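One chain comes next, on its own, written as structure tokens: the form predicted on its own.
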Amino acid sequence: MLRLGVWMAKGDPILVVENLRAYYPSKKGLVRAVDDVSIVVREGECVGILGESGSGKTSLALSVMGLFERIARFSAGASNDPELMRAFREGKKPLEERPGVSGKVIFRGQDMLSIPEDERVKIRGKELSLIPQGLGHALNPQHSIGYQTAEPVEVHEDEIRLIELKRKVLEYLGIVQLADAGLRYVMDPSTFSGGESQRILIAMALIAGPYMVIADEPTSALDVTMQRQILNVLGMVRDDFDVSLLLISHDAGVVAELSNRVAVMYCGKIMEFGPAVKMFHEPDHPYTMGLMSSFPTIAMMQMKAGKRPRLRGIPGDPPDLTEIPSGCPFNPRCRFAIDICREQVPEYREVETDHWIRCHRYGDLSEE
């Protein structure tokens, strides 16, 4: 049964993202994966990032972790385009026209984009952890799951006895409810199911005691039963470990259950960001409206709240991120679009307390 996460945020901002851009090259041109994104995550809360595949959610996660730049450099080299490599080396082109990352990613008072890489290494895995997308390649097939789970502790703690390290690994594998962890500690990843592999990745993200965890599509490769179990584990992480969560998913049900604030992402931009109850019951952006009416479970929640939504999809396909439409990127698929939507990029503005939107027609829409 779908539940809407309504628990209140607590604490000061732990992550502040300001005007973040993350571009990488391709043979078709410059891919604007993250384009002028601003978002805040507070201590102890869960912020959900919701959007269709290809909207830039994973690129946002990699940028926050300080990992996007190396991917962009690899793409520039793989493209065999000397112009792109020169743009990286010299940095003479405007930020809007060259690969790389710009803006600010302030994590616990430090800008992850401006500190040296050796300082980022000290933060990654210890203070800020990532549960990566893609179970098929997230775990190393050549090492046991015990060895891999212990790695974040070994990297960040110089002096820890082997017996203490093993005890800690078994403790965290037990916390995520991996069956027979003591017996399977020495097994390699190929012997574990998708749900079990996801539990191992969660244990790896938690074991060094982070302040914040980014979970990138943590249930996408799992069946419904496994999804429920992983959601229960993530809920336990949020409540019992008192860590901040940035939850990335294309599944509105997953985001609704765990998040207390939700950002809706499209074409590399945040289109709407606000409290979960507001976003799921009374969305104001046409794209958010379309997403909610595309999910039967969300439509049922809206009906219980007294609304009469029609179940419908969003016409058309997301644009190629190398050829973003002029004006609002959603305008070719938006039934409310007018001339200004096709001509000018809407400003990202706070329209109510803690509610941000990128739409020319905010307050002038009706769900007819």
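Residue positions are given as counts along the sequence shown, with the first one as 1. As the structure is a computational prediction, the values presented were derived from the model and not from experiment.
If you look for the form predicted in complex with a small molecule, you will not find it shown, but the lines that follow are about it.
Chemist: To verify the annotation, which of these, Val31, Ile39, Met65, Ile314, has a non-hydrogen atom within 4.5 Å of the small molecule in the model of the complex?
Modeler: Looking at Val31, Ile39, Met65, Ile314 one by one, just Val31 meets the 4.5 Å heavy-atom criterion.
Chemist: Look up in the model of the complex whether Gly56 has a non-hydrogen atom within 4.5 angstroms of the small molecule, and give yes or no.
Modeler: Yes, Gly56 sits close enough to the small molecule in the model of the complex that at least one of its heavy atoms falls within 4.5 Å.
Chemist: Considering non-hydrogen atoms and a 4.5 Å limit, does the small molecule approach Glu52 in the model of the complex?
Modeler: Yes.
Chemist: Wondering, does Leu321 line up within 4.5 Å of the small molecule in the model of the complex on heavy atoms?
Modeler: Yes, contact at 4.5 Å.
Chemist: My question is simply whether Gln148 lines the interface with the small molecule in the model of the complex - judged by any non-hydrogen atom within 4.5 Å.
Modeler: Answer no; every heavy atom of Gln148 is more than 4.5 Å from the small molecule in the model of the complex.
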